[in-house]
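Coming up is one lone chain in structure tokens, specifically the form predicted alone.
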């Protein structure tokens, strides 16, 4: 049992989604009361000894528990009898990855930490990517964007903000982000004209409309933001809305003429 809980602690520390389950009632000889198990977000059992027939029945319940982010008591009906299983979701801390260390990144990092995100900043310039500049960040990466994104890896728990210093770097970050598992949010700064030009470039390179439509660009809710702090507020407000309400087309708001800077 001690080894099982040590494995569970390691899994949680790795910041991964999953479900911790406990059998609380059972008529099954091979699935007794008190059995604990850990399943990942794809329904694979990582720890424990649940019979395959029970795992198969629990798959749908696993998705509901992770989607609803609430524990659930599940009754499993089998031909030879039933059992009750308590499923408790393991929800890792949300990740905020800021690609670009310019002046908009400064308030973004502070607000991200205020909202309890695990915050990472990436920039390829040593003067813009160091701990003294971003003391609140959990991680500051000074590396080219392609390498950094590949090493970080994105998933459904990751919110990505692209605020680099120019069109070329924005495109690099967006292309590399597309290569990762679909992030919870991808936002990119820039005027509507520049965003449209970049999207057209990507269409001509073969990226689908479905993929491009996943990007919030221009980024942020339309609140008339002008200063870096106001722009950061509009971006984080959009992220909060996506986090709690999901995607909505009316949230793809303009940042005006793009004078917000980097």
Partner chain sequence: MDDKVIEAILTLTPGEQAAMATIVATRGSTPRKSGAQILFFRDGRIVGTIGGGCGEAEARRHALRAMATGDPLSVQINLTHEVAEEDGMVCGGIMEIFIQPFNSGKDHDLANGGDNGGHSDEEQT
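On a predicted model such as this, the values are computed, not experimentally measured, just so you know. Numbering follows the first chain given and starts at 1.
There is another form of this protein, the form predicted in complex with the partner chain, and it is not shown here; the text below is about that form.
Although the partner is absent here, residue 156 is not a contact residue: none of its heavy atoms lies within 4.5 angstroms of the partner chain in the model of the complex.
Remark: residue 89 counts among the residues lining the partner chain in the model of the complex, judged by a heavy atom distance of 4.5 Å or less. The partner chain in the model of the complex is approached by residue 71, whose closest heavy atom lies within 4.5 angstroms of it. Residue 240 falls outside the set of residues with a heavy atom inside 4.5 Å of the partner chain in the model of the complex. Contact with the partner chain in the model of the complex holds for all three of 24, 29 and 34, each having a heavy atom within 4.5 Å. Only one of 49, 208, 196, 227 lies close to the partner chain in the model of the complex, with a heavy atom inside 4.5 Å, and it is 49. Contact with the partner chain in the model of the complex, defined as any heavy atom within 4.5 Å, is confined among 122-130, 158-166, 78-86, 180-188 to 78-86. For the stretch 2-27, the set of residues having any non-hydrogen atom within 4.5 angstroms of the partner chain in the model of the complex comprises 2, 3, 5, 6, 8, 9, 12, 13, 20, 22, 23, 24, in sequence order. Inter-residue distance, residue 116 to residue 12 (Cα): reduced by at least 3 Å in the model of the complex versus the depicted form. Compared with the form shown here, the Cα atoms of residue 21 and residue 116 sit 3 Å or more closer together in the model of the complex.
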